[in-house]
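First comes one chain, alone, set out as structure tokens in the form predicted alone.
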Amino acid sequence: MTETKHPETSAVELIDVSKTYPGTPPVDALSNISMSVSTGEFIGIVGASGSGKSTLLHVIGTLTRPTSGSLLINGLETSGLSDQELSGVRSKNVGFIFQDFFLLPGFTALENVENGLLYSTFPASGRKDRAREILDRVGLSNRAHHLPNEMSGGEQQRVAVARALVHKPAFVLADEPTGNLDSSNTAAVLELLIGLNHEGTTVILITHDQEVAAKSSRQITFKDGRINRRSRKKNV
């Protein structure tokens, strides 16, 4: 099909997006959401359980389709794309970081990061070097040949961050990335995300923790499937 591409003013843009799950009665998980994330921005999506932020994650990550409205990624209108085309958009543009690290237990840190290139167009001959480069960027070059069970939780999450970045996505979508970490490792991972953002990485951080969200330059708070509040960090 012919792709509809708009000027690349935003990494992500949602226009009147709603998501309704069928049932008796139907559940309106998102209602008329309009928001954009500029390239190079660090935005925090905040909300309690049931606020709609998890559904928003799935919509932005093209893991589920909105019931209505438009989702643009790097200026590309996604609403008319096939599942296969959406998979291609996702593998090229989205770097996922989850609360659970999802590292392959029998693979080294280097191999786990390299696996992030399996569905990319990155040349196979250069994948190991690219994985080494990004591991160094997150401060783990000295742990490249360690297995996940030989690393701390904070180190494992850094490997997951490297895996999310290895294919040079348009943005990183981080879902409660510090949820399984102690306060020390939480601070370290947040500082890593801040540092990466200062280097130009677009970060969308989804969390229920206001203190974690406060590290972002702008916050959008969700409640009952709607945007409840928008705020910007002072001195940014």
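These numbers come from a predicted model, not from an experiment. Superpose the two forms; the largest set of C-alphas matching within 1.5 Å is the rigid core. Sequential numbering from 1, following the sequence displayed.
Below, we turn to the form predicted together with a small molecule, even though it does not appear here.
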Query raised in the report: Which of 66-74, 45-53, 195-203, 166-174 has heavy atoms within 4.5 Å of the small molecule in the predicted bound form?
Result: 45-53
Query raised in the report: If you check in the predicted bound form, is residue 29 within 4.5 Å of the small molecule, heavy atoms only?
Result: yes
Query raised in the report: With the core lined up, does the C-alpha of residue 200 move 2 Å or more between this form and the one not shown?
Result: no
